[in-house]
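Taking the form predicted on its own, here's one chain by itself in structure tokens.
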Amino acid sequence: MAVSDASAPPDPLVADLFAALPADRIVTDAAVVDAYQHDEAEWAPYGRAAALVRPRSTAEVAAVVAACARYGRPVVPRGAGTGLSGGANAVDGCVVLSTERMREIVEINADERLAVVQPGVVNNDLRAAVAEHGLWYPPDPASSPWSTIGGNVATNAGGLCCVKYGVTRDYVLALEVVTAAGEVVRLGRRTAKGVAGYDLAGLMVGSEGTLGVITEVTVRLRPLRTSPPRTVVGFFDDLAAAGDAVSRVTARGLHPAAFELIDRFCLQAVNKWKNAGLPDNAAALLLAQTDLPEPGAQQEAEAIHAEFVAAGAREAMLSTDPVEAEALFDARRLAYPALEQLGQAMLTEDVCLPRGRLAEMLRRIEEIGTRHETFIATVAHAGDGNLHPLMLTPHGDEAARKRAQAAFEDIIDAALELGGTVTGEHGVGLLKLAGMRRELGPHVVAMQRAVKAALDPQGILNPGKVVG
């Protein structure tokens, strides 16, 4: 069954794609194409694609983009579809270009501490592969078991370890990219240093497919961590006290390798879904983990514990049990899918605050939820101020949906008022367009649009996203 009406004339672009690529790369069956027309962003609009293409090589990607350029038709790049901003959503008449079948790990170079991968390689698969060489790829978004490196690069994904080790951009050395004209270029370098010209590879990171289609990524690696981590756990009777604990740890100059917040609603959802037996009677749980070599790990863990107590933790403890610690961090990773199991629509926020304003922002979120009569659960990469308030509404309840969307915008405004940003790691996509304009102002938005126009003069690469 074709996506377009059977009585409509054949689409010449689709005909050209069948002429240029093996037939098994192209899908026009509506039942299949429909599943690729949006990511996981609740209520983000999307259109109807003319076709889905799943190439296996850079040459095939270039052929797709070149064909779209000839017809002036949009091409929407897509990874695993785990995004939460609408950045991979189709527009009418586009070709959805999924890189999910480009899964080759091309090279792992232990001497240079780098790896070269195609964009469809799953994050956790890369981490497992380089670990066999005594190496480590730090960026670890909560979706790491499913999300792909290409999508991580496109959104500049973060994760639990980023508070100490940085985000995806910090690990991208070089990129192979198909331009809006269908040409293949290489950006960046393999060397430890290099300042030749503008940093175009850095520009591509976080551009969400609006400036080029990434077909190969060279990433920096670190030595595999060998010291067993020490974990500090704190239970707090209100979110603001947990935020104060984060501020205290930061102000003291401590630098945990992971520093996460989970509220009671998320813990209860994980318990219900996985029968995990996690403590869920406190307002919030803080998890901090140090990976320093001993005796530094013990000293840092004790200092973090002291700040939890000073902030008013109901209970705080040090743990050296790796199984117990991993169960708690698994609860953080499972929070989003656990809330999905409740069977409600979920709108996900992604604001990032100066860490000293975290307590105030958590108070604001609670007030916003009350004012808009909206259920808001919260998880956070607390150590870098990146909050993920999750707004849940019953399916089909239009009034609740409107209240949740109003809460969403109020959270953005509160974050900006407190000196924050509208997105820490999920990207702008469609959901944060208005917020980004408020954050950057007209002159900076105009500069960004000028870059887009220079690299994509026809406006065919993921149109309507990031800069609108």
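All values derive from a computational prediction rather than experimental measurement. Note that residue numbering begins at 1 and tracks the sequence as displayed.
Keep in mind that the form predicted in complex with another copy of the chain is not shown, yet the notes after this line are about it.
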{"property": "Contact residue in the predicted bound form, from L21, I460, L455, L13 (heavy atom within 4.5 Å of another copy of the chain)", "result": "L455"}
{"property": "Sole residue of C162, I365, A311, L347 within 4.5 Å of another copy of the chain in the predicted bound form, by heavy atom", "result": "C162"}
{"property": "All of G343, R401 and D413 within 4.5 Å of another copy of the chain in the predicted bound form, heavy atom check", "result": "no"}
{"property": "Partner-proximal stretch of 316-324, 283-291, 266-274, 215-223 relative to another copy of the chain in the predicted bound form, 4.5 angstroms, heavy atom", "result": "215-223"}
{"property": "Heavy atom of T82 within 4.5 Å of another copy of the chain in the predicted bound form", "result": "no"}
{"property": "Close approach of H255 to another copy of the chain in the predicted bound form, 4.5 Å, heavy atom", "result": "yes"}
{"property": "Proximity of R103 to another copy of the chain in the predicted bound form, heavy atoms at 4.5 Å", "result": "no"}
{"property": "is_contact(A242, another copy of the chain) in the predicted bound form, heavy atom dist at most 4.5 Å", "result": "no"}
{"property": "Contact set, 367-395 vs another copy of the chain in the predicted bound form - heavy atom within 4.5 angstroms", "result": "H381, D384, N386"}
